[in-house]
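Heads up, the chain below is alone and in the form predicted on its own; it's given as structure tokens.
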């Protein structure tokens, strides 16, 4: 389970360190930084897929994702005695993402490439530093695998030469995705596979033309795709090898006396919902956006292959408030098998999840353009140290 998440220099997240629990509920007003936190988590997950640079490009490139405020905010500015003013930067451009659990920690530091030679790609993000260490807090002595620019090596004792893994790693490639050496660096394999197992669900498409509404070729699907297009196969997989009783309870909880089954014709799977009082089941094409979206969340959260981490971004979208208590119970049950981070602004869902004993509330606020954790102080902030360049 991830115990600490750290983000520095990304949009409004100038220097955010969050303590995490089994079920984490991220709340805050519009513009407080909830979406930035979600996107930062996705970027961190992209490192293991070697797509973090491409993901930054889709967000407008590194310049548009960097912290836009001053490098430091003086106390006199926070107290309103002086206006916010920029100063000449004293540190290099840097976007840092990291996390740690009780076994390993990992961080990645992105910046601009070195000036020479002249190229049209001077604004491309370059990976300056990556590090895997033992334990929750980075220390030089605890580093297990280190990367500085193009060099990746295994740190050794004070009087010993480091063990070099490669000297020519591209600045756009993460060491997690590019190097496999299970004998000398098994920690890299462990961290990579852990991150690759993270799942992100955000904004299922349920409009009238959505592929979810038409029959799909079905294959064994223990993990719902992040766009939900394989919903019928995912539900059928739960019915056959997953917790079919939990699926039946969840459907009955949300839609009393209803049940779901999957109709299979010539290899094509279609969702059918039997509702109390109707003479025939309703197909996915006939279901409301909210009903279909609840079925999607059901398939995602009752997965027969629970991940280490699952991140849900505003799962209440398009759901009637009456469905939110049932969704909260579904999320709470899923947190028994996976660590969850839920980003929400729906009061009903927030109140229902807050009653769960393992729920850890993380309320975000924005002050002087910077996202901060409500009630965070120097004394209750988790220990975190970034590896220097």
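Numbering follows the first chain given and starts at 1. Computed from a prediction, not measured in an experiment: that's the story for all the values here.
There is also a form predicted together with a small molecule; it is not shown, and the following applies to it.
S.K.: At 4.5 Å between heavy atoms, only one of the stretches 347-355, 40-48, 61-69, 326-334 reaches the small molecule in the predicted complex; which one is it?
M.R.: That would be stretch 61-69.
S.K.: How about residue 34 - does it come within 4.5 Å of the small molecule in the predicted complex, if we only consider non-hydrogen atoms?
M.R.: Residue-level check for residue 34: yes, a contact with the small molecule.
S.K.: May I ask you to check whether residue 24 falls inside a 4.5 Å heavy atom distance of the small molecule in the predicted complex?
M.R.: Taking the distances in the predicted complex, the answer for residue 24 is no, it never comes within 4.5 Å of the small molecule.
S.K.: Using a 4.5 angstroms cut-off on non-hydrogen atoms, would residue 366 count as touching the small molecule in the predicted complex?
M.R.: Answer yes; at least one heavy atom of residue 366 falls within 4.5 Å of the small molecule in the predicted complex.
S.K.: So, residue 54 and the small molecule: in the predicted complex, are they within 4.5 Å at any heavy atom pair?
M.R.: The answer is no: residue 54 has no heavy atom within 4.5 Å of the small molecule.
S.K.: Here the chain is shown alone; which of 187, 253, 314, 243 has a heavy atom within 4.5 Å of the small molecule in the predicted complex?
M.R.: Checked against the cut-off, the match is 314.
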